[in-house]
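There is one chain below, alone, in structure tokens, taken in the form predicted alone.
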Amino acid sequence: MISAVKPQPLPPEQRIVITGIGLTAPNGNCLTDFREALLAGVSGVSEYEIRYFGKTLAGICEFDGRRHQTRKDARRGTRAGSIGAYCANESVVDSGVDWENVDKDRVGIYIGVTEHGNVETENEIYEISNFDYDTKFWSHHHNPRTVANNPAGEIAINMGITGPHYTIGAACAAGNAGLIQGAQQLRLGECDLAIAGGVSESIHTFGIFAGFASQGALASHDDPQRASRPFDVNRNGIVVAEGGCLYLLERLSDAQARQAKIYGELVGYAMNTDATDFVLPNPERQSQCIRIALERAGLVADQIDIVSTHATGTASGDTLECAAIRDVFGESENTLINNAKSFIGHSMGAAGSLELAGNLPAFEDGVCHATINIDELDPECALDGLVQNQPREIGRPADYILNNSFGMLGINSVCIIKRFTG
């Protein structure tokens, strides 16, 4: 193993750790259930039908929305807001922080999204179509539902948080981008607690299904649970999914002061841009993003135990990401590679944060969950260390997890989480 050049150690007040996780996925509504489903090979993809587009497949979440939100608030708000409120509250509960005595002025909310407002706009156009498109029947909730800061703002109102809140529009790199933004704001002293990650309500808009279908990029399969199949030679597109995963982030000094459980430490991250195409990824820029994150963490590729891939199940996207991974990890003998979209579909703005969460328990159990639904591996996607169909034992607790998350218009994000050892 080649030794990395270590950066200067950061003081505890600049080290950022994860102390709480709240999530909903198509196959689990908390980290324990989500992880169990990943290790057991349980898919969350099912049949779905949506207005105008008709029958299709989707990853659908079934969480208890009334646990943290009233029916009235759910009706006046958005599905993304409901997912966000659920995940944010669950992350706080999970963290064990004394929420009643937290200064809410010092809590920041940083929510990654792919898109927002399409669901509500489509619904409202449909509603006024029943009244000959008379706009006097247009919902007075339209503007607060569709402003870009909505999901973060709904969380703020729901939880009484009076610190900064905003959403980060970063396409399908948004889950990582939310995490990165939260860490940066903590380091700048803009907040003392950060609720950060990503959410998605994508399955509730017919436009996203129609858009992917027009690109020839929407997955189909006789068995819904086998439809999402990254790296398989017969993959035929994306399964659209909803979901969310929000983390409670703290400075290490604050987490240690209250003796918090620490899931992991964010030790490296990077974001860059392809600047080459609206949709087609650029593997050179993707591998550059990975290398920047490794350099910032003071690591070399061989030290990464698990790479969580972005791979969506499209022919070109998977192949190009594999080229980027091969460029960085081609000589690594210790790195395992997996994919969570094969279980849940593509949860868009939530994808990066959800996929990272599914791997974090490897810091304790030393197991890398598989990529399922690989019947015949595409030779162009052959990677040393790719974990296919069955979980693989690492033989020890994982030390480092690298999480890829890339998006349309060429936005790339990478996060590296370290097992906390003190």
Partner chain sequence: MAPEEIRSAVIEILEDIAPDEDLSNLDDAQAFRDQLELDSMDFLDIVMELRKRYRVQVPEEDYNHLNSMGSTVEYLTPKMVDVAV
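What you are looking at is a predicted structure, and each value in this text was computed from that prediction instead of being measured. Positions refer to the first chain, counted from 1.
Here the subject shifts to the form predicted together with the partner chain, a form of this protein not shown in this document.
J.: Using a 4.5 Å heavy atom cut-off, state whether W99 contacts the partner chain in the predicted complex.
T.: No, W99 is distant from the partner.
J.: State yes or no: in the predicted complex, is some non-hydrogen atom of N334 no more than 4.5 angstroms from a non-hydrogen atom of the partner chain?
T.: Looking in the predicted complex, residue contacts with the partner chain do not include N334, since no heavy atom lies within 4.5 Å.
J.: Can D105 be called a contact residue for the partner chain in the predicted complex at 4.5 Å between heavy atoms?
T.: Output for D105 is no: heavy atoms all beyond 4.5 Å of the partner chain.
J.: Look up in the predicted complex whether G317 has a non-hydrogen atom within 4.5 angstroms of the partner chain, and give yes or no.
T.: Judged by the heavy-atom cut-off of 4.5 Å, G317 is well away from the partner chain in the predicted complex.
J.: Quick check on this chain: which one of R296, R258, H141, K261 has a heavy atom within 4.5 Å of the partner chain in the predicted complex?
T.: The residue in contact is H141.
J.: Please pick, from E190, D277, E127, D223, the one residue with any non-hydrogen atom lying within 4.5 angstroms of the partner chain in the predicted complex.
T.: Result of the distance check: E127.
J.: Would you mind picking out the stretch of 229-237, 133-141, 207-215, 105-113 that comes within 4.5 angstroms of the partner chain in the predicted complex, counting non-hydrogen atoms?
T.: Among the candidates, contact is made by 133-141.
J.: Which residues in 73-89 have a heavy atom within 4.5 Å of the partner chain in the predicted complex?
T.: Contacting residues: R75, R76.
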